[in-house]
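The data below hold one chain only, encoded as structure tokens and taken in the form predicted alone.
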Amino acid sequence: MLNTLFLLPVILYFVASALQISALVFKKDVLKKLALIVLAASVAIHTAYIVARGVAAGRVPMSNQFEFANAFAWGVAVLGLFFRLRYRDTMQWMVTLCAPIAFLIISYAAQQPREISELMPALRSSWFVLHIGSAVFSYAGFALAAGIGVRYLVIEKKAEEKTLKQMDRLAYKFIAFGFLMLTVVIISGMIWAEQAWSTFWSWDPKEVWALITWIVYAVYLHNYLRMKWRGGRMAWFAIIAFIAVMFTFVGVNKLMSGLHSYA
């Protein structure tokens, strides 16, 4: 039952992506509406899966690589759908970003072991939900900002200035949100680490790369706010910065061992 409930959003995110891309190619508004409906259904079913897995596990299901990747994909879809509904027709293109990104991330999750296991002793803490939940939405914000960066570069030469400014501003908002959430991740992680391992900072690979990612996005925000950088260079910055996020998420787990190897 759980496996079926998991596979449904995988399929639906793909269908929503295909419908939205087809709408752009054939310029059919009805396909855009169908894509939005399918995306909303995907989020609803995906939410139901997360709740069902949480009930089956007796905990918040975000403790290993599969569960975090699954929650990451859900976070991307939720943020994308929220902004699409919030700004209505002015952001129909948001489905073009969030549905494919959610599909790619959940496809990665599908390749990970899906067995439900007991929490490691170090994870049994009241800080767990805040720390991991903040990471989910932090990564989701950064992923959507990178997607906006790609779209910006693709349409830069033919789009109206108003559209480009909207995208530039929205990428900044996603990164500011992601940066705030990442700050919560690091601070809550430090407090949790002191309780679990009697040290606020152990230079664990995951901790180091989380800090590197935080610094990279701090540079982005500094350049955006103080240096007044805009446009293409910031689109490239958003894309390249996301590499640090993905290395923290996947690369550290695959290539380095440490206290966070289970994540």
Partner chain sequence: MKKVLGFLRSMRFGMLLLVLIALLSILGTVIPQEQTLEAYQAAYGRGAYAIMAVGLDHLYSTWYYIGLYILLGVSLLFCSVLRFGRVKRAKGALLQAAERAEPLQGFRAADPGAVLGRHRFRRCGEGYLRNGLGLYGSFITHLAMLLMLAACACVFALEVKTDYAVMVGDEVTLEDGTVLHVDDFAMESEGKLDYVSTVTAVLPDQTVQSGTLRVNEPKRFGRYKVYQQSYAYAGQLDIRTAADAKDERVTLDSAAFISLDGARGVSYMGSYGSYIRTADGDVLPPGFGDQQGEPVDAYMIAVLDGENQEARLQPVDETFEVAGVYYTFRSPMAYPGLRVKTIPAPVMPALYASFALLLAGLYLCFFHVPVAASVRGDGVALKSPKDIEALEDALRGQSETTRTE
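Numbering follows the first chain given and starts at 1. Since this is a predicted model, take the numbers as computed values, not measurements.
Just so it is clear, the following notes concern the form predicted together with its partner chain, a form of the same protein that is not shown.
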Of Ile212, Val55, Ala44, Ile37, the only residue with a heavy atom within 4.5 Å of its partner chain in the predicted bound form is Ile212
At 4.5 Å between heavy atoms, only one of the stretches 141-149, 188-196, 92-100, 69-77 reaches its partner chain in the predicted bound form; which one is it? 188-196
Val30: touches its partner chain in the predicted bound form, heavy atom cutoff 4.5 angstroms: no
Would His222 count as a contact of its partner chain in the predicted bound form, using a 4.5 angstroms cut-off between non-hydrogen atoms? yes
Is Tyr172 near its partner chain? Define near as a heavy atom within 4.5 Å, in the predicted bound form. yes
Distance check, Leu180 to its partner chain in the predicted bound form, heavy atom within 4.5 Å: yes
Partner contacts in the predicted bound form for 93-131 (non-hydrogen atom within 4.5 angstroms of its partner chain): Glu118, Pro121, Ala122, Leu123, Arg124, Ser125
